[in-house]
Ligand SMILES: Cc1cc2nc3c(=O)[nH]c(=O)nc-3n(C[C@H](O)[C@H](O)[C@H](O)COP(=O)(O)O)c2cc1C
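Only one chain is shown below, in structure tokens, and it's the form predicted on its own.
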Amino acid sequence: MSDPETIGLFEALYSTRALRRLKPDPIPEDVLFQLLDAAIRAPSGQNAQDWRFVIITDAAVITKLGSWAADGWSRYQPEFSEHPEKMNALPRTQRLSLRSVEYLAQHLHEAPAVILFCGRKGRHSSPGGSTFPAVQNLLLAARALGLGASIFNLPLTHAPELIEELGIPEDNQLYCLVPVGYPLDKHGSVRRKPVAKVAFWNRWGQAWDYAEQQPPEGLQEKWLSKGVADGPER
């Protein structure tokens, strides 16, 4: 496996975008193993570690996923599916996000790998709470390895067919899909609402004075190298 990018945890946190435009280049198995080996280091309720993963590289299965994703897009955004030019009138951030989702829906069949995340039904009082930390670990590991990845559940409009196709047992819940590949777009800063807008002090709605005094972009400049911080978000 080639050496991962030399980035620290905080640089990864501040620059892990949902990169949905992926090259078809295959991902070496040792790189895929590193992703999953990072995923299983996540916390797990009662240390159950009941997460299960299906790594799909079979072109025929991914082609089916692509067909189901296209159907999912038409259901998720029927107006933009029918009239994609209407997205041009949307605010820039919303337009870029929807365009990238549309792209992946139409090009999922080209992705070199799709990873399914499952967990035991009824094992935890908060379903998914012991699976999604593993998802985030994998997304951060993908960033460190120069890969693009994102949660992409449009194919789950055909979840019963997918479960049958992959032989997923009835006692397992399918939580999400993560297409993975080398990205066509670049990693870059992740723009979010300021902490002061979403975090309260001691009581809902009560301002956090310290956060109010911080710059709206937070600490991005501290953790991101120039070039990474300057790129437009997708």
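Position 1 is the first residue in the sequence shown; the rest follow in order. Here the structure is a predicted model, which is why all the values come from computation and not from measurement.
Form predicted in complex with the ligand: not shown, discussed below.
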{"query": "Contact flag, F152 vs the ligand in the predicted bound form, heavy atom cut 4.5 Å", "finding": "yes"}
{"query": "Proximity of A211 to the ligand in the predicted bound form, heavy atoms at 4.5 Å", "finding": "no"}
{"query": "The ligand contact in the predicted bound form: V190, any heavy atom under 4.5 Å", "finding": "yes"}
{"query": "F80, heavy atom within 4.5 angstroms of the ligand in the predicted bound form", "finding": "no"}
{"query": "Region of this chain that lies against the ligand in the predicted bound form, out of 80-88, 144-152, 117-125, 157-165 [heavy atom, 4.5 Å]", "finding": "144-152"}
{"query": "Those residues of 16-52 which, in the predicted bound form, come within 4.5 Å of the ligand by heavy atom", "finding": "T16, R17, A18, R20"}
